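Next up is one chain by itself, shown in structure tokens, the form predicted on its own.
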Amino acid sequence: MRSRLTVFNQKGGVGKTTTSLNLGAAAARRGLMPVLIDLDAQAHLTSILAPISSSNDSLFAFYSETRPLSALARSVALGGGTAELLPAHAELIKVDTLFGKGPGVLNRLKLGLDRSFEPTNGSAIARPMIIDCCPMLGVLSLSGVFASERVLIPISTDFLSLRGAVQLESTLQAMEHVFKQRVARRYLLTRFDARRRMSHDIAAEAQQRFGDELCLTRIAESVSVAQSPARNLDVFSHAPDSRGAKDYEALLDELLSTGFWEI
């Protein structure tokens, strides 16, 4: 499952959806046709790429009606290329209460992705998948981790965001007895402003805590990255020569070159 990547932090506003969107766009512009999975009931990624009105067209139908994921996928333009989106809807907030937290529901997304998107020919190349999670630690976010077994954790350069990442580190450690191995993870600094002392303080503390699992790439504070979602665009479509576009291109290169994400 090295082709799957879950983007998660137990703190909102750190750049999870922005990172999912633009990392997917970086892959799409290389012709890799990624699959983006929106597991957040706020449906921000869906609202940018392909808004829907009915929960029957969303991942909620996968859980409530066992509709196959392939039937819910929507083709979207991304980064000058193409991708597929598995859309979210506000009804996803009900998944925890309706279906509990047993192994059956936690493994459902993984099995659904296996059936709908994994190559049947052993020589075929698996498509890259990016799973955008909500900040709540519940069925959906845990399902995202179970489906990929590798997590990219954005940390905006403020102390509450770093605290959320530290909490998630403890959560992942607690899950090791379930996976029988260490869940692979990388930590990514976002909204990094080299002019601010606090950005450098957060970077130093993150380096001390996470060591080699901290990405070398930093996503700089960028007007283009901030503006593009408001225009329903990824940063490459909005401002292809911007610092933000270059940062996300560098992030893709780093994740691939280190073997953390295999496409």
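The first residue of the shown sequence is 1; numbering continues from there. Bear in mind the structure is a predicted one, so any value in this text is a computation, not a measurement.
Keep in mind the form predicted together with a small molecule is missing from the figure; the text below concerns it.
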Exactly one listed stretch (38 to 46, 207 to 215, 58 to 66, 194 to 202) reaches within 4.5 angstroms of the small molecule in the predicted bound form by non-hydrogen atoms, and it is 38 to 46
Worksheet entry | Non-hydrogen atom within 4.5 Å of the small molecule in the predicted bound form for each of K16, A220 and A226 | yes
Discussion item. Under a 4.5 Å heavy atom criterion, is G81 part of the interface with the small molecule in the predicted bound form?
Written reply: no
Discussion item. Can you tell me whether G138 touches the small molecule? I mean in the predicted bound form, with a 4.5 angstroms heavy atom cut-off.
Written reply: no
